[in-house]
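Quick setup: one chain, the form predicted on its own, written in structure tokens, and binding and motion questions come after.
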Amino acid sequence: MTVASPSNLYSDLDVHAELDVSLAKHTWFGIGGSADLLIHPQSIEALATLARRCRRDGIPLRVLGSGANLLVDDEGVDGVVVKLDAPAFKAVEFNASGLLERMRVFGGAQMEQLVQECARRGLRGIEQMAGIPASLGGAIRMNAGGKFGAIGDAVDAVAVIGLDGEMRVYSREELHFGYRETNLPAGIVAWASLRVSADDPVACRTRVKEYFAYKKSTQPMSASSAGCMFRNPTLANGSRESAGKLIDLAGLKGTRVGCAYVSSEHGNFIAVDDKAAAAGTARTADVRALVELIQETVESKHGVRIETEVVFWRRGERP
């Protein structure tokens, strides 16, 4: 469904709306088509009303975070894309409810900045997110993390604006955080309460530097990619295997399809040729074709099907 600036959808709301906006500049891949309608809500109330109206009118609603885990189709996406980049959604309330061991972080806050600010303040609890690009909402939705832990380790409660426009708060006891998954219902993460504890600021900064250095030494962080493309699969014996290792053993490092290639540093990273991206000739279709080639080859050689961790947006598909 194409949205043609329906006045009854957002004109009376506190939002900033843009029509036919290229999403390439909003993703780490730097490729992909346009959003029919990109809306920047300025308040939680405006976001809730917008969600309610989209549901009423049967309009797809997608949330654009930092774009670090997203691949947009060359033909773009229909419906409404929401970006939580207004000050109301980037706020951080330290010592929430007067408690030192809590802070409230809103859905559009960037994890990189939050990690650094917590270290500066001597607050321990989220340093495991060092070097992981994401908005708070996106990180929670997929329980982002790595070798040193995941965001779910620190979550105390999450407030979600449902597709019906109603906000509900889910306590730690109601939440389940697994490997790159959570049981949160469909909707938009408005804010989360995170558990932290006081620590020596120097020790906090040292841990953050160590975690970031490890990530930098093991992953091609300067490449135009979305980080790890595939989830680590669970084998028949119940153990979890590294997708990057399976790709490497399949001899796929360096494999190229058009503008897309498998990193020679880390098999689970698909990157886009910077020159092609700069020239405007890079295509999402090349990345998708390479993904399918990798999946087929790994399954053929190892008998394991690896699934994507990166989110794909395509016109006509429901989010």
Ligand SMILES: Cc1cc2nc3c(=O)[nH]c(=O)nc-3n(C[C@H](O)[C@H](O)[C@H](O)COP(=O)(O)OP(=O)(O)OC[C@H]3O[C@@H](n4cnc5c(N)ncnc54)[C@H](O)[C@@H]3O)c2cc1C
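Bear in mind the structure is a predicted one, so any value in this text is a computation, not a measurement. Just count from 1 along the sequence shown to find any residue number.
The next section is about a form of this same protein that is not shown, the form predicted together with the ligand.
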Exercise: residue 267 in contact with the ligand in the model of the complex, heavy atom 4.5 Å: no
Residue 180: touches the ligand in the model of the complex, heavy atom cutoff 4.5 angstroms: yes
4.5 angstroms heavy atom contact with the ligand in the model of the complex for residue 67: yes
Residue contact check: residue 219 to the ligand in the model of the complex, 4.5 Å heavy atom: yes
Candidate spot 23, 230 and 260, all three touching the ligand in the model of the complex (heavy atom, 4.5 Å): no
Heavy atom within 4.5 Å of the ligand in the model of the complex - residue from 175, 142, 92, 167: 142
Among the candidates 152, 76, 133, 125, the residue which, in the model of the complex, approaches the ligand to within 4.5 Å (heavy atoms): 133
Segment that reaches the ligand in the model of the complex - one of 185 to 193, 244 to 252, 202 to 210, 116 to 124, heavy atoms within 4.5 Å: 185 to 193
Interface residues of 77 to 95 toward the ligand, as seen in the model of the complex [heavy atoms, 4.5 Å]: 84
